[in-house]
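Coming up is one lone chain in structure tokens, specifically the form predicted on its own.
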């Protein structure tokens, strides 16, 4: 146990130093004090190995929810990385810089979950963004809006399923960043729409979705079959 814990701590320290460019806006400060997450996740029994014809099992309990979040962060990180393989025509310097920051944030989220889960992490997902025209500003921003809104509703819906208060605190810190992304993307599409009634409910609260609802939507971009049957539901 001590050996495994030590490996995970060194991985996190190395990830922090290797991502210095990401933290140029002090983003990685949000994971301060999250070492308990690393140690606990590393100590959990791995239960996400693929089973015959059932796909990659996300796992159960808190580790399952962390893998669920990791899957979503893989999608977002891959999407924004692809955006910058060939940015759309007419992108402004401001858009380029801030979308670049969002990419870096999503990559940091993905790597954090990967390192935290250690041997319990699901494998890298096979993704398909063929329905998105990356040469079109409207197509890219429309997809970005969909992904960011989905991420916000996913974290909001998963929070009540977490048992560990450390995990819940971490989820709250990440969803606030995702909501900032969503607000920025919405305003790029239509100025002043950052918190309209398609994002908030009648009580001015962000909406939420269950893991089953989120994965059904995200499935349009995921070729890897995921098995969420062991995730908690209440």
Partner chain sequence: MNINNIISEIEKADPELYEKLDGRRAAMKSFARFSGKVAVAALPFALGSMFNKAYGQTPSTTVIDVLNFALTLEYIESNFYIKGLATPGLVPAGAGMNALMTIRDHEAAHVNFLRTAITASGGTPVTFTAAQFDFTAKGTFPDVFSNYDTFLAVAQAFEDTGVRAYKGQAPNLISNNDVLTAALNIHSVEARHASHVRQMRKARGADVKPWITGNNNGIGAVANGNYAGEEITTQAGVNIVNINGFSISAAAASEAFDEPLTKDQVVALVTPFFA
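The model shown is predicted, which means the values in this text are computed figures rather than measured ones. Positions refer to the first chain, counted from 1.
Heads up, the form predicted together with the partner chain isn't pictured, but that's what we're talking about next.
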- Would the partner chain in the predicted complex be within 4.5 angstroms of a non-hydrogen atom of every residue among 60, 85 and 132? no
- Partner proximity in the predicted complex: residue 119 to the partner chain, non-hydrogen atom cutoff 4.5 Å: no
- Heavy atoms within 4.5 Å of the partner chain in the predicted complex: does residue 152 have any? yes
- Partner contact for residue 114 in the predicted complex: the partner chain, 4.5 angstroms, heavy atom: yes
- Is there a heavy atom of residue 56 no more than 4.5 Å from a heavy atom of the partner chain in the predicted complex? no
- Within 169-200, which residues have a heavy atom closer than or equal to 4.5 Å from the partner chain in the predicted complex? 169, 170, 172, 173, 174, 175, 176, 177, 179, 180, 181, 182, 183, 184, 186, 187, 191, 192, 194, 195, 199, 200
